[in-house]
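Next up is one chain by itself, shown in structure tokens, the form predicted on its own.
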Amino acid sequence: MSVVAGRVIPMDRANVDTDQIIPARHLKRIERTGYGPFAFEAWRRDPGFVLNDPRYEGAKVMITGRNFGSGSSREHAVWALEGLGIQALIGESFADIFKSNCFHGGILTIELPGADIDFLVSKCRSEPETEIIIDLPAETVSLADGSWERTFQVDPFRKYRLLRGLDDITMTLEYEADITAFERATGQAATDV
């Protein structure tokens, strides 16, 4: 991830928990993919729900209310958002475990003041074609028309991993030569331990 650019889904509900993002009955699957169609399943029964509006189809960014992702620690909530095509979340605050799961799943979370969230929600509701540009290296988020821009902060280690697409396994594999040298020096493979 370097730059995320695209339309925005204004999901301005506060305290959205992971069971609302992906209901527990869908957690029996063993795959990491295919959860998108079940995301926000109960709310999608309402024809006026934002995800039922075709003008937001294909959006890559979701604006959220405060404390988004509260509740259980299920990773499936992140996988469901990925299944919707979401690459970044912008909100006033996120539940800690959910925020960590987003990082591990490759979804960037950006926290901005409530006034900025209110502005973005209003703008995206009144103009669904609104596009946002998130520049991770520069740590900026802006409207594509250049009329609004804010900075945000990302932990340097998380930024490093997101920019390189590294998960825990690929991060370890960056040290493969060192691991091999250690195994040779000690006379046993790490898998023998």
Partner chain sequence: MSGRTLFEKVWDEHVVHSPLQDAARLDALAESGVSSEEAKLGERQELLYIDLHLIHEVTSPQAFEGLRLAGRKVRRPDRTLATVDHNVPTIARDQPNPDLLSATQLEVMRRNARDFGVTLFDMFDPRQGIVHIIGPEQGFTQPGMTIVCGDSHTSTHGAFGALAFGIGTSEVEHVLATQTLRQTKPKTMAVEVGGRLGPGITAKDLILAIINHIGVHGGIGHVIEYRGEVIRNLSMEGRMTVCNMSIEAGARAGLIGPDETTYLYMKGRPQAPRGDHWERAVERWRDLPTDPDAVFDRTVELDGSAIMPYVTWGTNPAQSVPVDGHVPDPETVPDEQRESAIRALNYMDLTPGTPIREITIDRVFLGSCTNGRIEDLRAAAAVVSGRKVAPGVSAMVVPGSGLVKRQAEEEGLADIFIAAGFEWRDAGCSMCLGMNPDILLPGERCASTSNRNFEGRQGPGGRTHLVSPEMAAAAAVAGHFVDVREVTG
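The term rigid core refers to the most C-alpha atoms you can superpose between the two forms while keeping them within 1.5 Å. Numbering follows the first chain given and starts at 1. Because the structure is a prediction, the values reported are computed rather than measured.
Beyond what is shown, the protein has a form predicted in complex with its partner chain; the following relates to that form.
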item	value
Sole residue of D53, D145, D167, E129 within 4.5 Å of its partner chain in the predicted bound form, by heavy atom	D167
R158: touches its partner chain in the predicted bound form, heavy atom cutoff 4.5 angstroms	yes
Contact label in the predicted bound form: F152 to its partner chain, heavy atom within 4.5 Å	no
Any non-hydrogen atom of T140 within 4.5 angstroms of its partner chain in the predicted bound form	no
Interface membership of V121, its partner chain in the predicted bound form, 4.5 Å heavy atom rule	no
Contacts with its partner chain in the predicted bound form, stretch 30-54 (heavy atom within 4.5 Å)	I30, E31, R32, Y35, W43
After fitting the core, T180 CA displacement of 2 Å or more between the shown form and the other one	yes
Exceeds or equals 2 Å, Cα of M171 between the shown form and the other one, core fit	yes
